[in-house]
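Below, in structure tokens: the form predicted alone, a single chain.
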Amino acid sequence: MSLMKPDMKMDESFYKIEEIRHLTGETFSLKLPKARFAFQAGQHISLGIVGGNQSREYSIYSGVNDDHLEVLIKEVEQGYFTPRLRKLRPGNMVEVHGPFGKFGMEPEHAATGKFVFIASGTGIAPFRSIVHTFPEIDYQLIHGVRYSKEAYDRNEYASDRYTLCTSRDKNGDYHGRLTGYLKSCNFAPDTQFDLCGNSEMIFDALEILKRKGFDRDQIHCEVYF
């Protein structure tokens, strides 16, 4: 059933949902057509339900060269917006604006830099976009979640480049918070760090990296909440 009102005209910001992938009981992705949407890996969009009056920002989950535009969404219990997104079906329309943000990756940097990506939960989204876009990039990905089932699309990353930190079960590579694992790590002095996720994790990680001697201009952050 279409969510468009009878008098609503189509415009270039309306996209039809092509596919919905359920990754866990709470987390899913929406796949949209990408033909007319140009973005830089790491950027985000504003997503709304056609006919609704609210929108939220989501990092792009797909790569620049993928044949679709994909976003990763976790339903917020007792929330207003994400439960409504969860009820959408293929064929329903959403409204997309963007892309936005400077949390991106330039091709020349991807080719020459050494990167550590640090993500909590669905904050992994921009890093999947970057890895899809630049498969030869020199990176390590540290992903902090509660349960190992939240290792979204883990099989897409080389096993020696991905570390899963789980705080509520012991099925990850490290049992405990991401920041606990980060304290034990040693990194090359020229490493660039990209952090994405909740503010508590980012503030704690910033302090850890600062104590390890890294300059603030080596660290780039995208705060989700």
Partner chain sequence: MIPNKKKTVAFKTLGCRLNQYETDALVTDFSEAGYDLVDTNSSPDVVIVNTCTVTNQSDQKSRTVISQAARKTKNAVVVVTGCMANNFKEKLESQENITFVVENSRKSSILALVDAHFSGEILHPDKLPQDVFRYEPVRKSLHTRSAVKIQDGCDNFCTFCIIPMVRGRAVSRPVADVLESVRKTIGNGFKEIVITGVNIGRYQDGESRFEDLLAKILEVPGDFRVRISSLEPDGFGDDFVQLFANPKLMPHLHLCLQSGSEKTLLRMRRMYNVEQFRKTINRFRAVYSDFNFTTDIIVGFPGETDDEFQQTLDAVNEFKFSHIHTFKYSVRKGTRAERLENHIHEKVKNARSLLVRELSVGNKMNYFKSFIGQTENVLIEKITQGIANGYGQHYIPVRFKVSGEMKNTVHSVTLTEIRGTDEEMYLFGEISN
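Owing to the predicted nature of the structure, the values given are computational and were not obtained by experimental measurement. Positions refer to the first chain, counted from 1.
Missing here is the form predicted together with its partner chain; even so, the following discussion is about that form.
Enquirer: Have a look at 28-36, 168-176, 182-190, 56-64 and name the one stretch with heavy atoms inside 4.5 Å of its partner chain in the model of the complex.
Expert: Among the listed stretches, the partner-contacting one is 56-64.
Enquirer: I'd like to check something about residue 22: if you look in the model of the complex, is any of its heavy atoms closer than or equal to 4.5 Å to a heavy atom of its partner chain?
Expert: Close contact is absent here: in the model of the complex, residue 22 is far from its partner chain, nothing within 4.5 Å, heavy atoms only.
Enquirer: Using a 4.5 angstroms cut-off on non-hydrogen atoms, would residue 109 count as touching its partner chain in the model of the complex?
Expert: No - in the model of the complex, heavy atoms of residue 109 and its partner chain never come within 4.5 Å of each other.
Enquirer: Looking at the partner-bound form in the model of the complex, is residue 113 within 4.5 Å of its partner chain by any heavy atom?
Expert: Contact with its partner chain, no.
Enquirer: If we define contact as a non-hydrogen atom of the residue within 4.5 angstroms of the partner, is residue 215 a contact of its partner chain in the model of the complex?
Expert: Judged by the heavy-atom cut-off of 4.5 Å, residue 215 is in contact with its partner chain in the model of the complex.
Enquirer: Using a 4.5 Å cut-off on heavy atoms, what residues in 173-202 are near its partner chain in the model of the complex?
Expert: Going through 173-202 in order - heavy atoms within 4.5 Å of its partner chain in the model of the complex - the hits are 199, 200, 202.
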